[in-house]
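One chain comes next, on its own, written out as structure tokens in the form predicted alone.
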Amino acid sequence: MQQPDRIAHPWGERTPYGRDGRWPARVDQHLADGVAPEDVQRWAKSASLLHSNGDAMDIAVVDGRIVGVRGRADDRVNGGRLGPKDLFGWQANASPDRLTRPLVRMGGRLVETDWDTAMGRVVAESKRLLERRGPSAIGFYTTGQLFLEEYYTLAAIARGAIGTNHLDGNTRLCTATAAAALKETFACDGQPGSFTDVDHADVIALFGHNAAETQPVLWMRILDRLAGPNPPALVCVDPRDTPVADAARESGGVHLAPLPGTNVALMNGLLHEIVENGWVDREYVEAHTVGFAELEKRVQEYPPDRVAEICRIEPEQIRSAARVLGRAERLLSTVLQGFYQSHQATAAAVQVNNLNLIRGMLGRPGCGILQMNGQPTAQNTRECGADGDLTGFRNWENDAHVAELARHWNVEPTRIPHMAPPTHAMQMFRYAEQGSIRMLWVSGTNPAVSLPELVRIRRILSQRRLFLVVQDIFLSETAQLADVVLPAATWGEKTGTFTNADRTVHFSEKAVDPPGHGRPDLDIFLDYARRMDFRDKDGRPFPQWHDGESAFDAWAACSAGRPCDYSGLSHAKLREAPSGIQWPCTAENPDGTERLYTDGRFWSAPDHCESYGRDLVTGAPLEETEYRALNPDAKAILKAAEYLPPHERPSDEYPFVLITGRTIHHFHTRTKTGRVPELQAAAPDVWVECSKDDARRLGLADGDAAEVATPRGTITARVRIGDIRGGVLFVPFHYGYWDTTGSGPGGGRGRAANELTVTDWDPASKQPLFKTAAARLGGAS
């Protein structure tokens, strides 16, 4: 049977349904050429790895090889649907250039070796640094693609065994603001809404969220609502004219394309109109929130005419969008990188929370907030404490929480560093630059392409005084700079669990063996711990667990009583469940919890909350006494914010605003998707998108080679003329050098978008800013 072309038609055929209806199932499948369904010998349960949607799928196995995937019809997240990266991405597992043996640097070159030699070097350097410089000489930088069990183990080793405060993930780049915004409003992380809110909403607002490309299956769900009876109206905020923007206009909603860096002004303008027109649920606000008076006062300063001048859009567009939002009966709001990676990221994302709260749109079907994630297991880094938070959504400023975690780990509370906020990734690289971090262990990520200002990052990673360990499945740009490279197993080659953006936990079963001597990340971490001879208070090996199932059980016990409560889950239960299960899942709620805060009660009591919050302008943490005075009755917090201009603004020399982002065909730095024929052919090289007017003025045509420059660097890219707003450039961030010149641009011009981006981050979430750099565009010589 001929399979549909899911590169040309990424969202497939429509299965319309109406408001409050059940989303019909549609099973997507892709098998290797010549393989029929009846040829498949085994189907292994899993979920998608190349985005945060958590689409349930089964992995097809023939003769010990992965030969395809199919969606699972009875799963609550996707009803059988898969996006292009889900359908084709599995082919990267069998790439001929997978790492199959450990590598160590000898004479300036990486050479193959055995595990004893490679781990011996890592252990010897760790012990030397601990003896001479202490725990703070060692840092860990991980990913959003490992399994829950692996993050929990890494957090236990870093904080409970070594005692370093330097542990963060590349989730700092994509999801830190989601967590920060939830903590500012609800004093605790945890997604309030559910993907099923799409089924019930009459208005869906997507703030900086190009769901069509970043979460294609969630977008299919929205498209199917739009194709059915009683469709929702969409509000889209994006400087680019994306498929989401098209759908917003066609739905009777609004597309707003503000100047990048002005999101707080825009949100204040929308809130101004909501308040002025009396679209506030006063009863809900009075009963369940604090801070409304300050918010009301602040947004009075942002009438549509003023906001229009800041954002450079028409005042009537703001009023129109506010009418749609203000008259909604069931409002679902989603947020992603257009807010998270932009100027005043947390302040802007918090205003989205404010919007739903003052409208009383929370905790009911169709009334929700989805502060989205970018990676498949980003949620787990936050829960397990591998991203700069304390394990189990505990509060690092609350001594009782630290003591509780220490009891679970059976270590002294003083072993767990909590005298200062956990070190965020941007600060860790600064410490490495300055020489206080001397060993950096990078697992499953590629900072030599993904971090801003790459000239600086390559210089940091190449220092002779820095001992760099890279744990990965390919010889990435970062791995090429390492002292030791550890070959890891990946999705489909190991067993574990992971949690998507709406708190759904899926089981992922090992389908095949990893190539060569590759090992699961959990095995590598536990091997390191045993070789280091870490011990708990009773002299037992620490961590006390020994495999994925025992690691999960330890995590479930550690999470009990916390908001992210997994105590009702186990490997056995998830393996047998037809669908993923949403946390919190307990003995009282064995089927999980679809929505949070249904009773208007929050996890924000001073003794229970994960965070006392931060100043949205400076990022300074609030003291416990300040928080107790602000929120003694455990309500949601309405935090106001003033608009501040970006640090780097267009000038005569650099007249454009540069934003970077994703395309539907690639994931991160393309280490996997660049090795998949269908995905690579769909988007083979970097491009720069500009408006028709800007292209005409500069004498550029579609496909021309162009030079994009900022004060940090220059790249060459092909021109794509699109419907992006004038004065703004878009460059996808996926393209590095592993398939061209190696670890960097060599002697030629660069092509990585992060050659251009600025070293700057949001004061509250510490998320780097990728959407406010000043840039220049011209023809390439």
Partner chain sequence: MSKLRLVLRELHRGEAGLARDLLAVADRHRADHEIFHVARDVAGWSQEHVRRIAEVGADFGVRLNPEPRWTLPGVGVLGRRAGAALARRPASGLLLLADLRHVHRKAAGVSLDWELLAQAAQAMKKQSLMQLAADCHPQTLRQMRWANAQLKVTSPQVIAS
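Numbering follows the first chain given and starts at 1. Keep in mind it's a predicted model, so treat the numbers as computed, not measured.
There is also a form predicted together with the partner chain; it is not shown, and the following applies to it.
*Asks:* For the three residues A8, Q29 and A577, which mark the spot I'm curious about, does each lie within 4.5 Å of the partner chain in the predicted bound form through at least one heavy atom?
*Replies:* Result no, not one residue of the spot touches the partner chain.
*Asks:* Using a 4.5 Å heavy atom cut-off, which of 210-218, 418-426, 473-481, 487-495 contacts the partner chain in the predicted bound form?
*Replies:* That would be 418-426.
*Asks:* Does the 4.5 Å heavy atom contact test between Y431 and the partner chain in the predicted bound form come out positive?
*Replies:* Close contact exists here: in the predicted bound form, Y431 approaches the partner chain to within 4.5 Å, heavy atoms only.
*Asks:* If we define contact as a non-hydrogen atom of the residue within 4.5 angstroms of the partner, is R465 a contact of the partner chain in the predicted bound form?
*Replies:* It does: once the partner chain is placed as it appears in the predicted bound form, R465 has a heavy atom within 4.5 Å of it.
*Asks:* In the predicted bound form, does P16 have a heavy atom within 4.5 Å of the partner chain?
*Replies:* No, P16 is distant from the partner.
*Asks:* If you check in the predicted bound form, is V617 within 4.5 Å of the partner chain, heavy atoms only?
*Replies:* Output for V617 is yes: heavy atoms within 4.5 Å of the partner chain.
*Asks:* Among R172, H166, R382, R81, which has at least one heavy atom within 4.5 Å of the partner chain in the predicted bound form?
*Replies:* By the 4.5 Å heavy-atom cutoff, the listed residue in contact is H166.
*Asks:* Please tell me which of N410, N589, T113, S436 lies within 4.5 Å of the partner chain in the predicted bound form, judged by heavy atoms.
*Replies:* For this set of options, the contacting one is S436.
*Asks:* Counting only non-hydrogen atoms and a 4.5 Å cut-off, give the residues of 644-664 close to the partner chain in the predicted bound form.
*Replies:* Those in contact are L644, H647.
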